[in-house]
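Below, in structure tokens: the form predicted on its own, a single chain.
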């Protein structure tokens, strides 16, 4: 199943292998450069079906670090468009993760923001608590970022609602202590973001949503509570990308191959949306098993693709499946 085709709206992928967003910390002023071009296009050549460009901030203070990609300005469009065109030329579908770091931003020239004035830890600045008018401005910036993604030629966008960043901060009882409508309905901010993104991006193109399926804290979100938040929003996104953690500083959990798989399986069952599983799934047999057991519809390979840009070619060999190789690499196929 790993090499079966999959269609979601107008996205048609030759396989179910996803390259998840992984920050490269190589940008200046948010602008993609040669590093990003080589990094992503090499994975397209390696036959990844779906590539998601790393977290790209919708405003400068939304960057995780000073060296993150951005999509808050039209100057970001052209360098990204070159990456998209080249990846598509090698048969990949390409999306971009629209992101805002919230209280986990470490930019040094901006005042960071959050739903509540609670620092992530002692190593992070105390954030400014967003007023309602400021929240609306941020949702509009998500919409503007989606419009730039459209102009750059992306096949889809992914809204980053995971890992303790701004959207996740609104969703989580740990970080959202507001008494207004954004505190009473903790999914309201995400709803408004998705509405702006959906209105700015082609209706025939899918919208992905990244979430933390488990927050590893008794007072945080778990698959069931998160599902109850997302259930009213299922008409606003098409694919759920499930990982975990990031909301609190000191998390206690075991990391093993497939350690996040059950969160993806639970949310897939509860919400009925096509789901991407991620988390140490670089063993092709394990990835295949997850699909066969209907725990996910697609498999994201992160560290495995950092280590091996041609992971899909080698996974196919491991599973004794015949797939097309780049013609220039055929001499290496039997090795």
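In this text the structure is predicted, and so the values were computed from the model without any measurement. Positions refer to the first chain, counted from 1.
The same protein also has a form predicted in complex with a small molecule, omitted here; what follows describes it.
- Within 4.5 Å of the small molecule in the predicted complex, a heavy atom is found for all three of 210, 280 and 302.
- The candidate stretches are 26-34, 43-51, 293-301, 267-275, and the one lying within 4.5 Å of the small molecule in the predicted complex by heavy atoms is 293-301.
- Although the partner is absent from this view, residue 306 contacts the small molecule in the predicted complex, with a non-hydrogen atom inside 4.5 angstroms.
- Although the partner is absent here, residue 20 lies within 4.5 Å of the small molecule in the predicted complex, judged by heavy atoms.
- Interface residue remark: residue 243 is counted as part of the site for the small molecule in the predicted complex, having a heavy atom within 4.5 Å.
- For the chain shown alone, residue 97 is a contact residue for the small molecule in the predicted complex, at least one non-hydrogen atom being within 4.5 angstroms.
- In terms of contact with the small molecule in the predicted complex, the residue from 88, 163, 191, 222 that brings a heavy atom within 4.5 Å is 163.
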